[in-house]
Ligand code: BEZ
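In the form predicted alone, a lone chain appears below as C-alpha cells.
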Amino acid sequence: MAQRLRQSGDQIWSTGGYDTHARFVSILGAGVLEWLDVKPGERVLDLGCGDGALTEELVKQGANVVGIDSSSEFVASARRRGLDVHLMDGHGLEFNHEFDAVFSNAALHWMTDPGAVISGIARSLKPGGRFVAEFGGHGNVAAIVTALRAVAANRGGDTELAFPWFFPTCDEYTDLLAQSGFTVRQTALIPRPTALPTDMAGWLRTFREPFFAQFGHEAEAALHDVVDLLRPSLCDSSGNWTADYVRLRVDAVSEAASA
C-alpha cells in the first residue's frame, strides 16, 4: 500500500488510491487545457499539479512547466515522471513575475483562502500573463455534502468536516480576481455528472477520510450510512455510481506589472 500523508485540512492523499478511484479528475481536464491553449516555449506554473498527469501533457505541448503541490507523495510521483515539481503551499507562492501562464485543474477548491492564492498567482505572472483554471464551483457535490452532514448530525459528529472546500459562483470568483488586478475574459459554471470508476465508498474514502476518522471504530458504519443515503439519487439500477460535480472554469489576464 502506498504511504499516506496528511496535508492541509488533514486531507489524506494516497497516489494508489487516487489513481484507482479518481483518475477521471485529470482525464476530464482536457477542456481546461484547450482554454489555456499553451504555446511552445511558454513558461507555465501548474498550481496543484497532483501526480503530474496534466503537467506532463503541457510539457508534451512544448511548454516549460514548473509544478507545485502541497502533497509530498504527489510531488514524488510527479518527479518520477521526470517533471520539475516542488513541494509548496498554494497559499504562499514564492515566484516573482516569471510565468507566461498559471494553470490549475481540480485543486483550487482545496485552498480555502482564495484571496491569498490569487494574490500569489498575480505575483507569479509576467505583466499580461494569463490564469486559466478549473475547480469545484457553487453546487459541486451538493448531494454528497448533504448526506455527510446528515450522518454527522445523526451520529453526533462535527458537521463542518463535511465541507472542507471553497466552491464559488462565477460572480464571486470574478470579484476576487478583479481585486488582484485581473481582467476575466470568460467563465463558465459547468454541471458535470461524473461516472465513478469504482463506487461511492471509494470516492468517500479518497476525498473525505478525515470526516469518517472522527467516528473512530464506527467509521465504516458511518461510511455505509452515507452510501445508503446517496444510493437512491446517485446510483443507477445497474449499480453504477455518479458524482454530482459542478465545475467552475475561468480564463483571466493579469493587468498590472505588480500585484
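In this text, all values refer to a predicted model and were calculated from it rather than measured experimentally. Numbers follow the displayed sequence, beginning with 1.
Not on display, but discussed next: the form predicted together with this ligand.
Residue contact with this ligand in the predicted complex: Trp241 places no heavy atom within 4.5 Å of it. Taking the partner from the other structure, this ligand in the predicted complex has no heavy atom within 4.5 Å of any heavy atom of Ser119. Taking non-hydrogen atoms only, Gly136 approaches this ligand to within 4.5 angstroms in the predicted complex. Among residues of the shown chain, Phe212 is not one whose heavy atoms approach this ligand to within 4.5 Å in the predicted complex. Contact with this ligand in the predicted complex, judged as any non-hydrogen atom within 4.5 angstroms, is confined among 76 to 84, 181 to 189, 123 to 131, 161 to 169 to 161 to 169. In the predicted complex, the residues of 202 to 220 lying within 4.5 Å of this ligand by at least one heavy atom are, in order, Trp203, Phe207.
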